[in-house]
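Taking the form predicted on its own, here's one chain by itself in structure tokens.
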């Protein structure tokens, strides 16, 4: 792409962990200048996870997830509690389109980065705070991470196996990724509103409410039918498909395929593919979706008798050709190195590190999950910067501060 669509946009990024950094990285990939603010006393905790072997200081080099969510950004170290640190922050607000954070409601207000604070500096500023449970309300002060949000919002109550009472914790932390996508959506809407009206605004984004919005079918089923969908394992949440499960396949232990059959037409296609003679698919037990749900245990056993004689790839190939939804259950290794579809679409990008004794020498990181005019992003990407790597550049080049001013501010611990 000769010109990236957001290259005239500047975002002041005070986010950490997943939801905020994921969103601002997507903006960065589309050309926005993203200035990430950290503090050596309180840096992004994601830096410490999944580090390369031999890395002893995550402030200098973050781990895989940190690099994935923060490459392409400028990084400054700033003490918002110092006088000159606050001065730098306010000048950065003046040159920014958006200020985005994901602090708890109390910290957001204590640091004086609310919309009421910042619109005095720049009236058209857009401020978004993606806190766990919102800027106000009985639970707004709760300390939350993804497992807590997933429990409070009902997600965990539907993750587990049929017949068991104990719900399973869901992984990965899907509430964080839901929050990241919500940040993107609402910021784009706010930018569109500002471009049309000239007005800034505050977006009070509750990641918990964002997670609740993904449970519409569960909430609606209770309101309309008074049906409490319990733990379903891999079966369809509302008994809308059968077979609907993951099934063991031939080969080494841990090889599975997923199959989902929803309509009667798909069932007939499935039956022709796995049981041409109709020896068992023709049974009255399986003549309708309701019957298949009623006899789902036996149905799963019959299906697995067929899948266990075939590799996961062969099972998927046969059923897909028949028009039935089926795919191999892939591992992280499969997705990274063996998935021909992702390879053909050039989804992963290589992040190569400077030569050192640390291993591995490179990471594969995510590209944008969409294409503009069929084009991908740059195939090679640089690692995320070490903490404070661009402090001097931002303060002196972008804000125009003198060397004398910078040194005096540094002496007053404005950049710690």
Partner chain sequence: MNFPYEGLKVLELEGAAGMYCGKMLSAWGAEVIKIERPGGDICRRRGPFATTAAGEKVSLTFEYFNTGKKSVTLDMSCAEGQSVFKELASQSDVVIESFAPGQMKKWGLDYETLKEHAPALIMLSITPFGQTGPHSAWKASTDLIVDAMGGPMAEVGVEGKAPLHLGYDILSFMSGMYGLFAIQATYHKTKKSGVGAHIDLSQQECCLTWRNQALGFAQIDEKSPRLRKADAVRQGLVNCRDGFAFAMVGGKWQETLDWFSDMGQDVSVFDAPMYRQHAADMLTKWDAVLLEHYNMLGSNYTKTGMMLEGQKRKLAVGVVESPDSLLLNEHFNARGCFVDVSHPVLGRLKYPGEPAKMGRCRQLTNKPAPLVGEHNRVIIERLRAVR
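None of these values were measured; they are calculated from a predicted model. Positions refer to the first chain, counted from 1.
There is another form of this protein, the form predicted together with its partner chain, and it is not shown here; the text below is about that form.
Trainee: Among the candidate residues 293, 158, 250, 111, which is the single one with a non-hydrogen atom no more than 4.5 Å from its partner chain in the predicted complex?
Mentor: Looking at 293, 158, 250, 111 one by one, just 158 meets the 4.5 Å heavy-atom criterion.
Trainee: Flag this candidate site as yes only if 27, 185 and 202 all have a heavy atom within 4.5 Å of its partner chain in the predicted complex; otherwise mark no.
Mentor: Per the other structure, all of 27, 185 and 202 touch its partner chain.
Trainee: With a 4.5 Å heavy atom cut-off, would you call residue 366 a contact of its partner chain in the predicted complex?
Mentor: Yes, residue 366 is a contact residue.
Trainee: I'd like to check something about residue 323: if you look in the predicted complex, is any of its heavy atoms closer than or equal to 4.5 Å to a heavy atom of its partner chain?
Mentor: The answer is yes: residue 323 has a heavy atom within 4.5 Å of its partner chain.
Trainee: Going by a heavy atom distance of 4.5 Å, is residue 298 a contact of its partner chain in the predicted complex?
Mentor: Taking the distances in the predicted complex, the answer for residue 298 is no, it never comes within 4.5 Å of its partner chain.
Trainee: Against its partner chain in the predicted complex, would residue 283 count as a contact residue? Criterion: heavy atoms within 4.5 Å.
Mentor: Residue-level check for residue 283: no, no contact with its partner chain.
Trainee: For the chain seen here without its partner, which of 270-278, 334-342, 74-82, 88-96 has a heavy atom within 4.5 Å of its partner chain in the predicted complex?
Mentor: Result for this chain: 334-342.
Trainee: Any residue of 387-415 with a heavy atom within 4.5 Å of its partner chain in the predicted complex counts; write them all down in order.
Mentor: Nothing in the stretch sits within 4.5 Å of the partner.
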